[in-house]
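Shown next as structure tokens: one chain only, the form predicted alone.
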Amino acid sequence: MLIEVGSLTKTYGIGAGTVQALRGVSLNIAKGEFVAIMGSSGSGKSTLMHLLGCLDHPTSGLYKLDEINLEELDDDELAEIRNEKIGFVFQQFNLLSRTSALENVILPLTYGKGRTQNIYELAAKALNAVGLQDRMNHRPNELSGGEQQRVAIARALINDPAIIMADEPTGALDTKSGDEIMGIFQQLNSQGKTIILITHERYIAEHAKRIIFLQDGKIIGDEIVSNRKTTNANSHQGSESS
């Protein structure tokens, strides 16, 4: 198993203001899976992604990533694990507005160690993988919303992580662009990447191979997607409109 979670809890606040965001979550995710974690606002899905992504510490419970017990690691060690093993994609792209697509993709490499290959070659390869080989020198305001999210995915790929974690990656896009982004995730999954997708939309979740349902901080369902939606990621390259 790539990810092993047992009785994970997360509590915010103290006393009367305490909020239990996660209430004893247990799950396993194997290498190469494409899993959607689905729930409404307040279900705990983003909190779970933050814990799985080593962005926060659980209040209690077990979390092993690639057989490493993360409970035993300090913040610096967690940051190293995060940088080496996990790539993140968020709803709002989080691109630097005054820099090109290529320079945005390079950014995570400034935190890496021992890079010998030309970082521009790595960034160009990542942009090519998401169909933006002709848009490398464009700034975010010169790109559509779908293209900006492609840049964000390329940035997540730059360190060749084992896992891509995507938090509502289609939330700021129109339906067509959203479908194309999901097609990219499916393509990456077919190449061996483990994908963990956070969404509140059933339609988006059905692009994954497995859906885990969260409600009030607990898992209430875990199912294999029998009638999976598929999208050609390259069918509308360069034509996104949002």
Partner chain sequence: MSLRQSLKTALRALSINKMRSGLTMLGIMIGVGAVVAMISIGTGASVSVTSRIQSLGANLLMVTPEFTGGFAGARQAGGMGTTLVYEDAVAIAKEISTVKKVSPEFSSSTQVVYGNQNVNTSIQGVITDYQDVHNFHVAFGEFIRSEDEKMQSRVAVVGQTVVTNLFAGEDPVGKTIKIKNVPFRIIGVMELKGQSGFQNLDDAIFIPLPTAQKRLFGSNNLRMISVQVKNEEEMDLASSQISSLLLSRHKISDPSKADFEIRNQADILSTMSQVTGTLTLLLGGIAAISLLVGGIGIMNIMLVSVTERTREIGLRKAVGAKRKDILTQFLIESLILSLLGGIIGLFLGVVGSFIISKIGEWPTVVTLNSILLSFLFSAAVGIFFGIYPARKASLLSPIDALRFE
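All of these numbers come straight from a predicted model, not from anything done at the bench. Residue numbers count along the first chain shown, from 1.
Same protein, other form: the form predicted together with the partner chain, not shown, and the subject of what follows.
- Contact annotation for E72: none of its heavy atoms lies within 4.5 Å of the partner chain in the predicted complex.
- In the predicted complex, no heavy atom of R135 sits within 4.5 Å of the partner chain.
- In the predicted complex, at least one heavy atom of T47 sits within 4.5 Å of a heavy atom of the partner chain.
- Remark: D56 counts among the residues lining the partner chain in the predicted complex, judged by a heavy atom distance of 4.5 Å or less.
- Relative to the partner chain in the predicted complex, residues N141, L143 and E147 are all farther than 4.5 Å at every heavy atom.
- Contacts between stretch 120-140 and the partner chain, counted in the predicted complex as any heavy atom lying within 4.5 Å, involve Y120 alone.
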